[in-house]
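Form predicted on its own, single chain, as structure tokens, below.
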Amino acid sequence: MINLILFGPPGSGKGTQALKLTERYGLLHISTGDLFRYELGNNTPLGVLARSYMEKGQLVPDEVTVGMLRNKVEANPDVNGYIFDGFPRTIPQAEALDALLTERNDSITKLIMLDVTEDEIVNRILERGKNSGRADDNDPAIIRNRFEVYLKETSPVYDFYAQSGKSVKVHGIGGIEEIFEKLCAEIDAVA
């Protein structure tokens, strides 16, 4: 099995590349945003629990998010592996993901970070904002703040997996196909 964490700041191209990698390698793309939308939209027990935190303006605890992730993994046991997109965002989440995979006698194969500069991220998200309908995609100050949050809170996950030699950076600026081929080279090296 190939279990990848596709990593990088908001707007780095994770979603675009995850879809292409899913097609090439037969992996299941697990986006935490999609998980939340499904669980909330279907009023599942985890969705109801998550909503109770969100309605109070609180962060959804990792246990709830990991529960959603567990449900998705267990519902799809016959895939060639998984691409985790948007998870883990913190060291405790990385530890929880590792524990989940260990229960299944599996592990993360590789964390691949799309390395993109802050200015490029701002430009990409502003461009996306023309069609996304999200107000936060149209405000450079908010975009820069999201990038800073990523650097402070999420980027340590890269170092967490680097300790076991599983993290790698891929230059994430260029054409979609060019970046895709770099990602494929990294995957093919461990597949």
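Definition used throughout: the rigid core is the maximal C-alpha set that superposes within 1.5 Å between two forms. Everything numeric here is computed off the predicted structure, so don't read it as measured data. So that there is no doubt, residue numbering starts at 1 and follows the sequence shown.
One more form of this protein exists, namely the form predicted together with ligand AMP; it is left out here, but the text below deals with it.
Asks: If you check Arg70, Arg146, His29, Lys166 against ligand AMP in the predicted bound form, which one has a heavy atom within 4.5 Å?
Replies: Of the listed residues, the single hit is Arg146.
Asks: Ok, Leu59, Ala162, Leu126, Val48: which has a heavy atom sitting within 4.5 Å of ligand AMP in the predicted bound form?
Replies: That would be Leu59.
Asks: Please identify, from 100-108, 70-78, 114-122, 83-91, the stretch that has a heavy atom within 4.5 Å of ligand AMP in the predicted bound form.
Replies: After filtering at 4.5 Å, what remains is 83-91.
Asks: Is there a heavy atom of Asp136 lying 4.5 Å or less from a heavy atom of ligand AMP in the predicted bound form?
Replies: Although ligand AMP is absent here, Asp136 would touch it in the predicted bound form, with heavy atoms inside 4.5 Å.
Asks: Leu151: heavy atom within 4.5 Å of ligand AMP in the predicted bound form?
Replies: Leu151 lies outside the contact set for ligand AMP.
Asks: Can you tell me if Pro156 lies within 4.5 angstroms of ligand AMP in the predicted bound form, counting non-hydrogen atoms only?
Replies: Outside the cut-off, so no.
Asks: When the contact criterion is heavy atoms within 4.5 Å, does Gly33 count as touching ligand AMP in the predicted bound form?
Replies: Answer yes; at least one heavy atom of Gly33 falls within 4.5 Å of ligand AMP in the predicted bound form.
Asks: Who in 33-56 is close to ligand AMP in the predicted bound form, meaning a heavy atom within 4.5 Å?
Replies: Stretch hits, in order: Gly33, Phe36, Arg37, Tyr53, Met54.
Asks: Glu127: with the rigid core matched between the shown form and the other one, does its Cα shift 2 Å or more?
Replies: No, its C-alpha moves less than 2 Å.
Asks: Return yes or no for Met68: a CA shift of at least 2 Å between the shown form and the other one, with the rigid core superposed?
Replies: Yes, the C-alpha position differs by at least 2 Å between the shown form and the other one.
Asks: Any CA movement of 2 Å or more for Phe160 between the shown form and the other one, core superposed?
Replies: The answer is no; the displacement is under 2 Å.
Asks: Considering a change of 3 Å or more, are the Cα atoms of Thr102 and Leu46 closer or farther in the predicted bound form than here?
Replies: Farther is correct, given that in the predicted bound form the C-alpha spacing of Thr102 to Leu46 is increased by at least 3 Å.
Asks: How does the C-alpha distance between Leu46 and Leu101 change in the predicted bound form compared with the present structure, closer or farther, given a change of 3 angstroms or more?
Replies: Farther apart, which means the C-alphas of Leu46 and Leu101 are at least 3 Å more distant in the predicted bound form.
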